[in-house]
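There is one chain below, alone, in structure tokens, taken in the form predicted alone.
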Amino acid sequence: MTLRSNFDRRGFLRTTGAAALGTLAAPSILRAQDGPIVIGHLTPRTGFLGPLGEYAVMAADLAAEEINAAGGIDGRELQLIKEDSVNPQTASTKAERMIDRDKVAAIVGEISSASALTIAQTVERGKTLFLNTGANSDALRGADCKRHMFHVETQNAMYVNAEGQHLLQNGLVEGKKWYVLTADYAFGHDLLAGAKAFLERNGGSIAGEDLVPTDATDFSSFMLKIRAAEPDLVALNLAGTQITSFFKQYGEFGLDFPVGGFGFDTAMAWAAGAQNFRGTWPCVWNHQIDTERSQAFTKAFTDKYGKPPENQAWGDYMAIQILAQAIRETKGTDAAAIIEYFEGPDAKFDMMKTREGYFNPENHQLLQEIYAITAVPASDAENEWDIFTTSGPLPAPDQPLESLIADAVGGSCSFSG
């Protein structure tokens, strides 16, 4: 089931979503002696990543509501403390306050790789769990890894390997030249290194490249460079509202070189609109994935907020559900016990996809299927949300999930302590 065939903006499948997620007719929350379980939710709600952060907050609220409607976590109410992470320094300060003052059992969230690093350093000192839901940097799973940090969001290497296979199959790599635009911060730099390594392995070359400030809104100078270079592919390592601005101006300049990239959020496609969105992009999840639980989540979110969930929403929703599962399995909120559970062979998670996911004990990356979405012609878009089609899950069913993290950059992970 996809929104293309079942979407009604005023009442998308209003009748069964909560029941499908197991939240109706739930027992009341018991008055456990230990009191509520408090989780900190920390993510950017302003700036160029703000639109993604808002989806994250909505999904975190939905997850908490569903868990509490079903009786809480072993009878204990789940409470969220939510903050705007703003920037790396502020993110660290707020994480420290959540740990020291609010006594959170864990922190969930973040999108910026730079902020995720400062949060990770803070939680490591406080021996508190951090479930990263949006930061992709390979370095966070490599040289900058931390024992108390786990990654629900997929890492850059997974996107590069999945999207790279699509580009290879379509003859856009070997012997081809790319023009690359990269967001000028940790996420972009990391993704650029991965893209260059992929090109080198597969016989492609760089026609030109530029670093783009995160607050850039005018891409005209880059459009002129792209036009002059005449690349076979315009490869984007951009983030947040940068992508929306690029799409709109690319169309205005009348450029028609193929476009693709290695990191993407569906909210940016929706903001650009069917007339401007183009290319094929990797994504960790999208609302068209046709599994029972995925469609139930899409319906519940749409019923509550009047629009389908974005992949960032999925990430924060999943992180809270995964954390709740770990607390139930370990009978408490002890960080060491949960780490042992996450690293063990029995920790498997329903990812709303065709395979269960599990954490790689060597770097704490959640291994899972990912997808590719491809823009449809504007004339074929039946509503403002279904402006792309989705591939089946990647990798292929006969390939291990570990194949997605091959050739990751960012150094080796070595947990200390």
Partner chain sequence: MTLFLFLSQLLNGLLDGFYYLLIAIGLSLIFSLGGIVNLAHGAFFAIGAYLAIALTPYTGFFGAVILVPLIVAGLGMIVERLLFTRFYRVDPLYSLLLTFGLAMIIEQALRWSFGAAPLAYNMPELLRGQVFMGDFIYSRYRIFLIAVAILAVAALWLLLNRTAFGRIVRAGIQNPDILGAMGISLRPYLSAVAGIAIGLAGLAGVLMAPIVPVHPAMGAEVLTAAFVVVVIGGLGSFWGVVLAAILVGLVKGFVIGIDLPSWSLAAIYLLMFLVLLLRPRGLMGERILRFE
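Numbering follows the first chain given and starts at 1. Source: prediction; values computed, not measured.
This protein has a second form, the form predicted in complex with the partner chain, left out of what is shown; the following refers to that one.
Practice item. Spell it out for me: taking the partner chain in the predicted bound form, does every residue among Lys225, Ala228 and Lys248 have a heavy atom no farther than 4.5 Å from it? Key: Yes, the whole trio is in contact, each within 4.5 Å by some heavy atom.
Exercise for review: Would you mind picking out the stretch of 114-122, 328-336, 214-222, 100-108 that comes within 4.5 angstroms of the partner chain in the predicted bound form, counting non-hydrogen atoms?
Suggested key: That would be stretch 214-222.
Point to revise | Heavy atom within 4.5 Å of the partner chain in the predicted bound form - the one residue of Leu255, Leu168, Ala143, Ala197 that qualifies | key: Partner contact (heavy atom, 4.5 Å) among the options: Leu255.
Review point. Using a 4.5 Å cut on heavy atoms, which of Asp210, Asp74, Glu340, Glu174 is close to the partner chain in the predicted bound form?
Key: The residue in contact is Asp210.
Review point. With a 4.5 Å heavy atom cut-off, would you call Pro51 a contact of the partner chain in the predicted bound form?
Key: Judged by the heavy-atom cut-off of 4.5 Å, Pro51 is in contact with the partner chain in the predicted bound form.
Practice item. Could you confirm whether Thr154 comes within 4.5 Å of the partner chain in the predicted bound form, counting heavy atoms only? Key: Flag for Thr154 set to no.
Point to revise | Phe359 within 4.5 Å of the partner chain in the predicted bound form, heavy atoms | key: Phe359: no, not in contact with the partner chain in the predicted bound form.
Practice item. Report whether the minimum heavy atom distance between Thr298 and the partner chain in the predicted bound form is within 4.5 Å. Key: Although the partner chain is absent here, Thr298 would stay clear of it in the predicted bound form, with no heavy atoms inside 4.5 Å.
**Study point:** Sequence-ordered residues of 164-197 touching the partner chain in the predicted bound form, heavy atom within 4.5 Å
**Key:** If the 4.5 Å heavy-atom criterion is applied to the partner chain in the predicted bound form, 164-197 yields only Asp184.
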